[in-house]
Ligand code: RB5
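Single chain ahead, by itself, as structure tokens, in the form predicted on its own.
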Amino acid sequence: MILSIGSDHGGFEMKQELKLRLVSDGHKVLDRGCISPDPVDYPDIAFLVSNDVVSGTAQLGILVCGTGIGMSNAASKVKGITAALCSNSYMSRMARLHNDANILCLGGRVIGSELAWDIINQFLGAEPLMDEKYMRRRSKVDRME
């Protein structure tokens, strides 16, 4: 799978670790920054990853900041993006199954790397449910874009 990943300085260390693990698992990973723990503005990174997903350059995206809140807010402003801030594996699985989330947001200062890895695996392993109930709900949200 082709994944786009990015972080601000608050998520830099976690992003670096997760990127290595994703590549080791056979994924192609597009790293959209940041490139050091020096301060950056999270919206810049969120928009790069979001554009990769919307354009089809990447199938899914992963964003990491201190809490995940800023990245989630910024990515969700991009038409065609459903960003999900997840702090446990159940949330990430449901974000894909029920909400067709295409960007996973994580808090690098809130969760540990092993939990983050499990959250990612649940997210990547789930396919959106396409039954009428979920599609109807998603379309209501999409109309607000």
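Keep in mind the model is a prediction, meaning the values are calculated, not measured. Quick note: we count residues from 1 along the sequence shown, nothing fancier.
The next section is about a form of this same protein that is not shown, the form predicted together with this ligand.
> Between the options Ile69, Met91, Leu48, Leu115, which residue brings a heavy atom to within 4.5 Å of this ligand in the predicted bound form?
Replying inline: In short, Ile69.
> Which one of these stretches, 29-37, 61-69, 115-123, 74-82, sits within 4.5 Å of this ligand in the predicted bound form when only heavy atoms are counted?
Replying inline: Of the options given, it is 61-69.
>> If we define contact as a non-hydrogen atom of the residue within 4.5 angstroms of the partner, is His9 a contact of this ligand in the predicted bound form?
In response: Flag for His9 set to yes.
> Arg109: heavy atom within 4.5 Å of this ligand in the predicted bound form?
Replying inline: So Arg109 counts as contacting this ligand.
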